[in-house]
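Below sits a lone chain in structure tokens, taken as the form predicted alone.
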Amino acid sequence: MNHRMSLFDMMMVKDNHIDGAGSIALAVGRARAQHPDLPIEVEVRDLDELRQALAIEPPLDRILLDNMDLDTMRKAVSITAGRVPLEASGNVTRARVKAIAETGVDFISAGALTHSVKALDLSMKIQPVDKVAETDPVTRIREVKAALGDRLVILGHHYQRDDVIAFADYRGDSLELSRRAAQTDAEFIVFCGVHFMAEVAAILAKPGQRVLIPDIEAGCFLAETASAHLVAEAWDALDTALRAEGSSADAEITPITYVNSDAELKAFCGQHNGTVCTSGNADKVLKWALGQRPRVFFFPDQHLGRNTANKLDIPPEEMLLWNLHRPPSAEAVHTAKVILWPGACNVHQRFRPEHIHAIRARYPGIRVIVHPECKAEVVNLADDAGSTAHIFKQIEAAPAGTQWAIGTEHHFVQRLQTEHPEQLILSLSDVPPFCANMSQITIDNLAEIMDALAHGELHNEVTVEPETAKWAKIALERMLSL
């Protein structure tokens, strides 16, 4: 597993940083000053640097032992005595992994997984024209769709490719699509989106409705930043902090999970008198939650949580960003009104304030609209922020000649460009971001599950364990009743 996904969720202080700053302490101090909420790992080259790293307060989140021999690693483990997790890296091969593990280090990093992979041998075959019709996915999808008629409904999320969205009976945001499908009498629901969306459709589906997804591996980076296990650990830590003052987490905290999360987290909220929110109703849900109890635990998207709290005029000092590696003090918990999980969308995090400044300089008067999963400094500079449905409605209602810079996934922006040529519609970023997970749904794998349906087979069916589905549905219905 990755202990960090990218540069935005953990800092690594390496030898160049140490040498450039003058010492480990100076390098760490400068890094923490820039990003005080990010976990930090420091690379050390010898035992002397290890001792310097161990002397830093508050303690580092991890120390990397760089290219050390086994004996030095054993000494490092003894010196550290469990105070900071240790990671071994450098010259790690399959043959050495067992011996490295036996030194007592906590983690082993193997660069060979990425830098020594072999290239995939690709080739292109030209197919004779008379055979194309037999294998053309568009033709196959049309034929099966026509044959199944009302027994089938295809849902397409806004971020899907155009060739996929062309077959959608409904397109929109994830929850809206799931609710629409459940209102039909369709026997088969094919969800062209990512896995958590198909889970919601399965939870809300009528008895007998079956939910399928073209690629069962199409996940969501944001949803995967929070697992039920990690959230439960954080809840227990919050409970411990509050019990010291004679209260408890269930008495003081309402958990809210963004719909972009797995079914287990929705069930967790159902069991703890919490609820679900969407990017379109997060402010209404947060206001309701704070009317139930004095605090909210919001996961997994820190930016949607922070932007929503800002919208309700909750001061920054009453917002607490949870640190997975170093849980906050009881005092910090008691001060907080909104506790934010440290997750984020890897698409919307790419938009930065300088993108807004640059596009306004180039197009004076252009209107900037962004998704609330963007960072607060981006949302605060924009003219408007809202869900994909909100952005869609704003563009639909705008007069010809209107200029827009949109901060969200680029498949959606491209579609708006095509459908509204009378307006100038641009991506806010100079390098428009696509969601790789959404792009896992292709015309070919859609055709494959349609072919299977035509033969009476259910490929890539998405189901949710009944007890999980029961509690998750309670959380969803609690939101829908607001």
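Residue numbers here begin at 1 and follow the sequence given. In this text, all values refer to a predicted model and were calculated from it rather than measured experimentally.
Keep in mind that the form predicted together with ligand 13P is not shown, yet the notes after this line are about it.
At the 4.5 Å threshold, heavy atoms of Val296 stay clear of ligand 13P in the predicted bound form, well away from it. Proximity of Thr402 to ligand 13P in the predicted bound form: non-hydrogen atoms within 4.5 Å are absent; the residue sits far from the partner.
Under a 4.5 angstroms non-hydrogen atom cutoff, ligand 13P in the predicted bound form has Asn260 among its neighbouring residues.
Put simply, Met197 is close to ligand 13P in the predicted bound form: some heavy atom of it is within 4.5 Å. Checking 163-171, 95-103, 384-392, 140-148 against ligand 13P in the predicted bound form, the stretch whose residues place heavy atoms within 4.5 Å of it is 384-392. Here is the short version: of Thr254, Asn307, Ser178, Ser279, the single residue with a heavy atom within 4.5 Å of ligand 13P in the predicted bound form is Ser279. The single contact residue among Tyr159, Trp322, Phe351, Phe268, judged by any heavy atom lying within 4.5 Å of ligand 13P in the predicted bound form, is Tyr159.
Interface residues of 357-377, taken as those with a heavy atom within 4.5 Å of ligand 13P in the predicted bound form (partner not displayed): His371, Glu373, in sequence order.
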